[in-house]
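The chain below stands alone, shown as structure tokens; this is the form predicted on its own.
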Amino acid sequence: MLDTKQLSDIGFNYVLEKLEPCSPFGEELKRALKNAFYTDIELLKNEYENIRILSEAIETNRDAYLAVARALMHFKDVRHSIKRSESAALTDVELFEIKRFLMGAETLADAAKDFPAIEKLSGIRIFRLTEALDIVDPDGMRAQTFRLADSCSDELARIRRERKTVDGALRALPAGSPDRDALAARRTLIAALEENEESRLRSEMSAALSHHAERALELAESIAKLDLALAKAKLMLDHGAVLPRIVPLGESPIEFTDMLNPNTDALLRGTGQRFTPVSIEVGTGSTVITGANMGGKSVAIKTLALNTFLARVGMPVFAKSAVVPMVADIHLLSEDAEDSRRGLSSFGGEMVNFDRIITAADAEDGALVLLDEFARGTNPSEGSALVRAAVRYFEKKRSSFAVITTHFDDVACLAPTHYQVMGLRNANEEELDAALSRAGGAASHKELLARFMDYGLFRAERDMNPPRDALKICRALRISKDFLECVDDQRIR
């Protein structure tokens, strides 16, 4: 499973920031998304159908949607108090908050009447709990306050009448009157009697509420699901995402057409650039992506990780279209792993993590394994051998969807599917050189180079080795001419 740092690196946290539930119930489900892989394909399909229904309703009936969203904003999480009612007497504050929750349910149910799409949703049912509301609001005033009214019991009404009489008598007595002490003592006794009666009434009210606790918790769960599904639908509409087609494992490869990474896209747009959409098909066994360094291999593999993860947790994906099988898990090895406490080098840490991944993948059926520039921490000869071995390993097992990026030669020929990053393949060198000549420092050169770089993938022949863009990139970045002449001398030899 992807850890917290990896989720951030692939752009998942950025997507979460764009997901905006209105209620604390929806926010809780949002926070749990990082651990919310669906295990039941029908439940996952139902979630996507709910999002589809809601997205269409938002577009056609926006005012009604806004009324539902406003109703969701006024909820407070009272589930702890609801559960506590089954074993203890609630405080005035807790009873007030439950009253507001139940009144909010009435408001939401009213708003839902004008947004009939909610009735079509699977696993979500918005309903009133009027009987429970009557318990905490026996006068039926539906005021946004809570106080045990005199009508709650004859004894409470009698005590409060007596307290009012004593309070009046105390106010009427002059200062220093010998009768004040007796009246004050009587006032203290009445206050104690009032508190005892109120405590008894709160216990009775809590006990009566406890009979509605299960239904109230069911309602809170439905509110959470509705809120999050609405947020997903809104995200999809606002950011051009789509709903993937979910299929059983073994029915189809992973397929994405014109896939985007919204986090990377936002960063590029900030510099006047655009994200190049990535299209890819990944079957079981090994798929190899080759390309020069800085060519976009890491972007492609993280974009694939992000969108596959989104699909498996019931989120819209950022692509033109997508077909996603029920992959068991996602494993990503994308950075040098160093564990100095165990005396491991970055290469040693990488290999330990790789071993963990293949052990986990072997125990699963249909995991997505992503290896970005695997074995780059050792010498090229041994690194190339390790990458070729990894390709053979996953191709032989064919129980995982393995994607391996590399710039080593003679690797792609071992896999049935080979993609290559376009890189500077179609760049006009004269235009690039002219633009770089007009640029300022190294940072400007790097930004300009990125504008000429094509980060898209194309299906390549298996025997096609990675492009030789390294020297082009060095020249574009205005690396020392004397050094590059030394490189040319070495190539001649």
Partner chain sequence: MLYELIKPYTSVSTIGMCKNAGKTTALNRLIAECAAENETAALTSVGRDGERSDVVTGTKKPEIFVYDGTLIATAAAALDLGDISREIVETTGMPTPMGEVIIARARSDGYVQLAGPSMTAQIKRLNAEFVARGARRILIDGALSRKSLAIPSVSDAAILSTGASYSRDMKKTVEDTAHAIRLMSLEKTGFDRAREASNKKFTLYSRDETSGFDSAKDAAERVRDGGIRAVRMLGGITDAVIEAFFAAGRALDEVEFICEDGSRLLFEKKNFDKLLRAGARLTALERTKIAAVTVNAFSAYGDDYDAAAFSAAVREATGGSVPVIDVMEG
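What you see is a predicted model; the values in this text were computed from it and never measured. Positions refer to the first chain, counted from 1. Take the two forms, superpose them, and find the largest set of C-alpha atoms that agree within 1.5 Å; that set is the rigid core.
Quick note: we don't show the form predicted together with its partner chain, though the next part is all about it.
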property: Output flag, 70, 106 and 245 jointly within 4.5 Å of its partner chain in the predicted complex, heavy atom basis; result: no
property: Segment that reaches its partner chain in the predicted complex - one of 91-99, 405-413, 298-306, 111-119, heavy atoms within 4.5 Å; result: 91-99
property: Selected contact from 125, 160, 356, 392, since only one has a non-hydrogen atom within 4.5 angstroms of its partner chain in the predicted complex; result: 160
property: Heavy atom within 4.5 Å of its partner chain in the predicted complex - the one residue of 191, 173, 183, 266 that qualifies; result: 191
property: is_contact(residue 131, its partner chain) in the predicted complex, heavy atom dist at most 4.5 Å; result: no
property: 4.5 Å heavy atom contact, residue 164 to its partner chain in the predicted complex; result: yes
property: In the predicted complex, residue 144 touching its partner chain (heavy atom, 4.5 Å); result: yes
property: Any non-hydrogen atom of residue 218 within 4.5 angstroms of its partner chain in the predicted complex; result: no
property: Threshold 2 Å Cα movement between this form and the one not shown at residue 163, rigid core reference; result: yes
property: Rigid core fit then residue 250 CA moved by 2 Å or more between this form and the one not shown; result: no
property: Residue 363 C-alpha moves between this form and the one not shown by 2 Å or more, core aligned; result: no
